[in-house]
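One chain comes next, on its own, written as structure tokens: the form predicted alone.
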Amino acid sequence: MEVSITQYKRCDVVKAAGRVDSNTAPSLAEALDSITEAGRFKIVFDMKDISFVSSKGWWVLIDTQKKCKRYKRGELVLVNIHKEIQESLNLVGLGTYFQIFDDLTAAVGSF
């Protein structure tokens, strides 16, 4: 899985494609950790090209959300989630744990 990071004035946008599972989640975690370790805690994760997220993938996102929200420094928001992935997120009770946007501009503008 290829992960790209674009840094904007207000936040960082992380974009990935494919599946986020036990094989690919470590590369996503590495990309997200590089942002938080640099002291930036406002992150938008663009899921437009993500076709599947396993429990390992959700744990990576939850861990990043905890780091971002600690001391009220920022937040990880999700954008362009496919309907099936959104339903699975709601099914496990995490539908309200992340702010979710349909538009990348709105997500970036939320910061």
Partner chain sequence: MQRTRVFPGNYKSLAEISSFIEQSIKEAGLDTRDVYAVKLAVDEACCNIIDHAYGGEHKGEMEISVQVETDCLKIELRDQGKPFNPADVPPPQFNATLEELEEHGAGYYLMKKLMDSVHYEYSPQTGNRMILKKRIKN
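Predicted model only: the values in this text are computed from it and were never measured. Residue numbers count along the first chain shown, from 1.
What comes next is about the form predicted in complex with the partner chain, which does not appear here.
Taking the partner chain in the predicted bound form, would 8, 27 and 34 all count as contacting it (heavy atom within 4.5 Å)? The answer is no; none of 8, 27 and 34 reaches the partner chain.
Considering only heavy atoms, tell me if residue 103 and the partner chain come within 4.5 Å of each other in the predicted bound form. Flag for residue 103 set to no.
Do residue 13 and the partner chain come within 4.5 Å of each other in the predicted bound form, heavy atoms counted? Heavy-atom contact with the partner chain at 4.5 Å: absent for residue 13.
Can you check whether residue 79 is within 4.5 Å of the partner chain in the predicted bound form, heavy atom basis? Because no heavy atom of residue 79 falls inside 4.5 Å of the partner chain in the predicted bound form, the answer is no.
Using a 4.5 angstroms cut-off on non-hydrogen atoms, would residue 84 count as touching the partner chain in the predicted bound form? Yes, contact at 4.5 Å.
What residues of 53-69, in sequence order, lie within 4.5 Å of the partner chain in the predicted bound form by heavy atom? Heavy-atom contacts within 4.5 Å come from 53, 54, 55, 56, 59, 62, 65, 66, 69.
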